[in-house]
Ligand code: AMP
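Only one chain is included here, represented as C-alpha cells and corresponding to the form predicted alone.
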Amino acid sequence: MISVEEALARTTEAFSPLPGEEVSLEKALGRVLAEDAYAAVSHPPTDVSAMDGYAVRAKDVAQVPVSLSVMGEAPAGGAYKDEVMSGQAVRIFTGGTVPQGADTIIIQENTERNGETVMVVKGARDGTYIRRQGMDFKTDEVGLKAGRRLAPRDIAFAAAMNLSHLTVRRKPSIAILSTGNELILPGKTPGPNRIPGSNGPGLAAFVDSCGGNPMDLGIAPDDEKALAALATGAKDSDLLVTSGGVSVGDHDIVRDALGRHGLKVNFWGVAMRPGKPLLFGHFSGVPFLGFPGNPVATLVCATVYLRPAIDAMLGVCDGRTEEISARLTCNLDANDERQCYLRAHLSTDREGNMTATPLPKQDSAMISILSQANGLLIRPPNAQAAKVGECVTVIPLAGRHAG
C-alpha cells in the first residue's frame, strides 16, 4: 500500500487545466476563469457625486452661511454643461457628473433652498463627497484573475467592467459507473438480496458541486463483458470513476476484467480508512479512479481524490482539498498504520473556536452517518492517543454548515 500523500500526488499530476470556452455572464456563475478579465471601461467614468446635494467651489463655502445662485442640475446619467463660477452652485444627485469648476459637494442636509438660490449653512473641504474617475477601477486593468471560481459578486463586477462574456474553463466530463449484481436503480422495487445503488447519484451530485459535468454510465453487473462494454462509454470523458469491485473478493472483478480491455494500473491500495482498495490508472487512455463500493468509502475517496482532480482540470488548486484545525471534544485512541477519516460534527464553542466531535458509529456502509456529518476528522498514520481540547485536522464537507 502507498500513503495518501503519494496517492494524491500521483492522481493530481495526471491532470492539467482544460481549454477555455466563452460563456455569457448569465451562464458564468460557479465557472472558473481561464483568462484574466480586463475592464473595458473605467468606474466611475468621470468624477461623480457620492451624495445628493449641491456642487460648488470649496473656497466659496469656506465661510458660512453663504448664499449661492443655483444654475442648473446634474442628475445621475446627466450633466451640467457649463462651468461653475464663483458664487454659483449646481443641484446634483448621487451619481451625477461633477461639473467643471466645482470641487466639492455640499450635502442637501446642510443647505436651505429658496427659489433660485441656496443657503449653505455648513461648508466642506475640496473633494468632499466626490468619487474620482477610475476610483473603483480603470480601463484595461485586470479586474478578475484567471483561476477564480466566479461568485455572484464577481458577475456583478464583470458587468460593471462592461463585459458581457467571460472565458472560463470547460467543465470536466466525469463518467460514473457503478458495479455490483446487488444494485438496482433508486425507486425500483428491490428483489431478494438487492439494494438501491446510492453511489452513482452521490458521485454525480459531488461532481456537479465541484464544477464538473457528470455522465452516468449506469450499473454494471459482475460480468466482464458487460462491465467492459459499459466502461467504453467513457472514451470521450476526462475521467472515469467506478464504485465497487476493486477489493479482493471473488466478485471484485474490475481490475482484472478491465485489465484485459486496456486498463493500465498506476497503483492499487492506499493506507487509508475507509478507502483502502482505491485503484488509479488509465483505461484506454482515459484517467481512471476505482473507488470501493461502500457508500461512505466512495464519498470519502471522492473528497480526498476526485475533488483535487477536478480542481486540477479547472486550474484552481494546489492539489489538496481544504483542511482546517479544530479542537477535539472527546478523547481518541491511538491510530494504526492507516490514515483514518472519521465522520464528525464541526461546530464552534463559546470562545469561537472550531470544535470536532466524531460521530459514535463509523461503519463505512452507513451512509446515514455521513449525511449527519459536516466534516471529516483526519487521524494520521500511527497518531498517538488524543485528548479533549487537542487540535486536530478536519476537512469541512461541502453543503453543510458548522453551527
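Please read all numbers here as calculations on a predicted model, not as lab measurements. Throughout, we count residues from 1 along the sequence that is shown.
This next part talks about the form predicted together with adenosine monophosphate (AMP), which is not shown.
Though adenosine monophosphate (AMP) is absent from this view, in the predicted bound form it lies within 4.5 Å of a heavy atom of just one residue from G197, G143, P99, P287, which is G197.
When contacts are judged by a 4.5 Å heavy atom cut-off, D82 does not count as touching adenosine monophosphate (AMP) in the predicted bound form. In the predicted bound form, adenosine monophosphate (AMP) lies farther than 4.5 Å from every heavy atom of D103. Remark: E182 counts among the residues lining adenosine monophosphate (AMP) in the predicted bound form, judged by a heavy atom distance of 4.5 Å or less. Taking the partner from the other structure, adenosine monophosphate (AMP) in the predicted bound form has a heavy atom within 4.5 Å of a heavy atom of P292. Partner contact region in the predicted bound form: 238-246, out of 258-266, 238-246, 110-118, 132-140, criterion any non-hydrogen atom within 4.5 Å of adenosine monophosphate (AMP).
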